[in-house]
Ligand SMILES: Cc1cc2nc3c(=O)[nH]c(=O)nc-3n(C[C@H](O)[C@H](O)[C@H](O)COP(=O)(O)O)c2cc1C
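Coming up is one lone chain in structure tokens, specifically the form predicted on its own.
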């Protein structure tokens, strides 16, 4: 019997393809029951070996949100959001279980660190999808890692626990615009990795992005060692912007304070 695509699956596909970030919110509050529903759905995200190495912290206090905004690069939407979620890679509960039983604890190795970070990231993505399904809007905030120790103190985080990302959440003031993605053929490899696929796709993508004006008047600074004349000869699109961004070796861009902090709280990454 031939399988057919149901109407509900088409609607789900359309919904998942409609994601856009929201940074402007109304002043309408989010009901506590809605927050609980989002958390429940988020916590159904996949988790390695059912270890559930992610905790979620919600912040609604205005003063604390203002401090988090300042620590995250002065992103004003954090203060304006009715709820700010913080997604934590959290091995502290498992450390407690081992400690209570007199077991050794190996959460200081690279693998548990990766597992807990992935758990938190999957949970965050699920939370944003759930929120959008309920009519809310939000944006994930990586700037929460700018000042990891200060954030940890502000939120009272224990050892073996750090903030992976935040999420500003509220009722959107307006619908956002979809941001085009690199064509699928450039990042979808089959059987073996083919780096040439990306080279082909990014040329098309640069033209698409240029038409949107996304990077107009937003030129990222050139690296100090770059050939300025050669840079002028290139069109400024996604590829130029992204290459400059990833070439930025400044302490802020690389968040050089993160690894010492992680080691301090037990993530020695052995």
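Just so you know, these numbers come straight off a predicted model, no measurement behind them. Residue numbers count along the first chain shown, from 1.
Same protein, other form: the form predicted in complex with the ligand, not shown, and the subject of what follows.
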The unique member of 139, 136, 86, 157 whose heavy atoms fall within 4.5 Å of the ligand in the predicted bound form: 139
Contact stretch among 101-109, 72-80, 193-201, 149-157 - heavy atom within 4.5 Å of the ligand in the predicted bound form: 72-80
Close approach of residue 172 to the ligand in the predicted bound form, 4.5 Å, heavy atom: no
Distance check, residue 179 to the ligand in the predicted bound form, heavy atom within 4.5 Å: yes
Touches the ligand in the predicted bound form: residue 19 (any heavy atom, 4.5 Å): yes
Proximity of residue 143 to the ligand in the predicted bound form, heavy atoms at 4.5 Å: yes
Contacts with the ligand in the predicted bound form, stretch 23-39 (heavy atom within 4.5 Å): 23
